[in-house]
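So this first bit is one chain, no partners, the form predicted alone, shown in structure tokens.
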Amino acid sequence: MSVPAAQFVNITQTFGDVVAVDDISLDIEQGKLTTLLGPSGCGKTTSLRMLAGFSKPTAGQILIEGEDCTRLPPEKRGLGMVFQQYALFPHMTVRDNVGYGLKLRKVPAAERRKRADEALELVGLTAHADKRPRQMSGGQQQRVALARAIAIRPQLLLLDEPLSALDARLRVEMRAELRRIQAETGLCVVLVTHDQDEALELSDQMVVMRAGRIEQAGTPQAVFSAPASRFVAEFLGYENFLTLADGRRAAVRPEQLRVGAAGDPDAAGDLLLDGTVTDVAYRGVDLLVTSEVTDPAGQAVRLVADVRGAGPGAFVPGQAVRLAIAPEHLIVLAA
């Protein structure tokens, strides 16, 4: 079994009385894209900065390729990093920006140019090598920063919210580019993000953090289909929560909630909840139907159903409805 690309071993980071990262342990696999996902203040950026060497942990060890690098400075860790702000040099050409890290490492000029051009080809910017950053769009500047990080051939590529400054369309485009580049290079990438869609689309391994701790880690499919807690479920977009007759808490996705007329029969074994529509939102291809029902524990809850293919008048506020949930679509949450 190969040595992990990086490891956090019982890492804690405190700033005065504030515990930013609280005793986390994590293996980052070779050749995979790992995302650290969570809300602001959850410890994900602090964890990345400790991995990069910009911040020293209060306790614990950081290993890179099995070697203890806890006290090693950033320039000796063999890492590439792309920040939210690209920090390109405005007076340099794109090629010189990409080759800057190689220049610091005293790579000869001919080899520097060759590797810069290879990195620019990888990000699709060969034709822009002689331009200045101000002549580039935001998405292109992001690619220049990515090429600069790749050109040094890092052991690990660290990305700190690299797409958050882009507009929605460019973010989607750059997600696909990041995935392509990671697949083509086989680089181990660690990406910090607060965007669950970004994490789900890009990750091989997704690490959900909360209040300095790892709440859940696994493949996107495993975490999304079986969130370990209500926090993880809510962060990944689950909206519907109810209590079952035995007291367990459960969640259900809006698209898995079926809405019919009151008294409609349904498949054997389905959980049936009678209630009243309180709101309907028409979104073109679907309706979001919010209903107030009594859950199996006798509590009043509001559930949102995503109804595909229904016209604007299919459901109206005040209408009596029956909601049906197939047993396999109920996600039972940890206590």
Partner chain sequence: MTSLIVAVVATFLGLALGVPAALALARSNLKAKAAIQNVFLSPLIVPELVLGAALYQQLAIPLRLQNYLPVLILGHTILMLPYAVRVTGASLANLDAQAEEAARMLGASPVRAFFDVTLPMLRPGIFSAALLSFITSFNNLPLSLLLTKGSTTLPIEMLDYVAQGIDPMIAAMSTVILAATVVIAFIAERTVGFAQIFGGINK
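Positions refer to the first chain, counted from 1. Predicted, not measured: the structure shown is a model, and the values here were computed from it.
Although it is not shown, the form predicted in complex with the partner chain is what the next lines describe.
Partner contacts here mean any heavy atom within 4.5 Å of the partner chain in the model of the complex, and among 169-177, 245-253, 69-77, 115-123 they occur only in 69-77. Taking the partner from elsewhere, every residue among 87, 101 and 158 has a non-hydrogen atom within 4.5 angstroms of the partner chain in the model of the complex. A single residue from the set 238, 231, 83, 224 has any heavy atom within 4.5 angstroms of the partner chain in the model of the complex; that residue is 83.
When the partner chain is considered in the model of the complex, only one residue from 280, 310, 271, 52 comes within 4.5 Å through any heavy atom, namely 52. Although the partner is absent here, residue 105 is a contact residue: one of its heavy atoms lies within 4.5 angstroms of the partner chain in the model of the complex.
Contact annotation: residue 152 falls within 4.5 Å of the partner chain in the model of the complex, judged by heavy atom distances.
Although the partner is absent here, residue 92 sits close enough that one of its heavy atoms falls within 4.5 Å of the partner chain in the model of the complex.
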